[in-house]
Ligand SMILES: Nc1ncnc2c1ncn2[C@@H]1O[C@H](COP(=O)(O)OP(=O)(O)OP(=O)(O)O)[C@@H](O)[C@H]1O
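Coming up is one lone chain in structure tokens, specifically the form predicted on its own.
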Amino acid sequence: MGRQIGEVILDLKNISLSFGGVKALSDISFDVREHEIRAIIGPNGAGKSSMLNVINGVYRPQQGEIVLRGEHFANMTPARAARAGIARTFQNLALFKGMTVLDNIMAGRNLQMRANLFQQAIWFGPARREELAHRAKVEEIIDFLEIQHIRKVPVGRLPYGLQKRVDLGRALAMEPQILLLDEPMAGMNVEEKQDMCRFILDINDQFGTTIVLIEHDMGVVMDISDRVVVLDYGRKIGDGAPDEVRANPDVIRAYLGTSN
């Protein structure tokens, strides 16, 4: 389908978050445009994961608000975020290790299942049609992520790189409009990183999904992102196109090392 970056769909305004007097985020504002790949970077402890947790309602900021498609939220909740089409993957895999790849990705479809419990229990009519439609969608994701050969394998038996791919599949099963990726390439070798980069670009391009990602690999960030926001000790120190951020003296000092 090809993508065209659109208007701002997610706007974070003056977000401040503290835990028992420790400021995790201080007065941070940035926005995300439809269909873009928006990276959040910064050294360890900069507040990147906290920011994702604010976006999907796991943490409630003490100050600031989230504007999602023009709707203002002082308090986002995980359920509200999911209904609004926000899905995320996790830095520490939260997969069901004893379940197969197929069943893990099916679990991501639960939000989409609308037939009532009684219908599901006796599995007729709408529930049966719905189940088949969900299975078809899950099979499509399995094909897309090139994991057909492991679809019946318990996730706990898979190498780490493939587990990360299943985690991505489960988030995709929600058919999100905004996908939050928390270090999708951490712990991967070069080949696995290249695969993951390709999947992220394809998700963005073919599905038109807006992506917000945290990533430590600067080469990856600069290659695949449209815009980059830089955090350091919970403050925003840079925001713009990859080349602007790369040339920003504050960012170089905080993060990239003076060799750049």
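Position 1 is the first residue in the sequence shown; the rest follow in order. Model, not experiment: these values are computed from the prediction.
Not pictured, yet referred to below: the form predicted in complex with this ligand.
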Have a look at Ala46, Ile200, Val229, Val212 for me and say which one sits with a heavy atom within 4.5 Å of this ligand in the predicted bound form.
Ala46
Under a 4.5 Å heavy atom criterion, is Ala24 part of the interface with this ligand in the predicted bound form?
yes
Determine whether any heavy atom of Glu183 comes within 4.5 Å of a heavy atom of this ligand in the predicted bound form, and answer yes or no.
yes
Phe207: touches this ligand in the predicted bound form, heavy atom cutoff 4.5 angstroms:
no
Taking heavy atoms and a 4.5 Å cut-off, does Tyr59 contact this ligand in the predicted bound form?
yes
Work out which of the listed stretches, 187-195, 37-45, 62-70, 218-226, brings a heavy atom within 4.5 angstroms of this ligand in the predicted bound form.
37-45
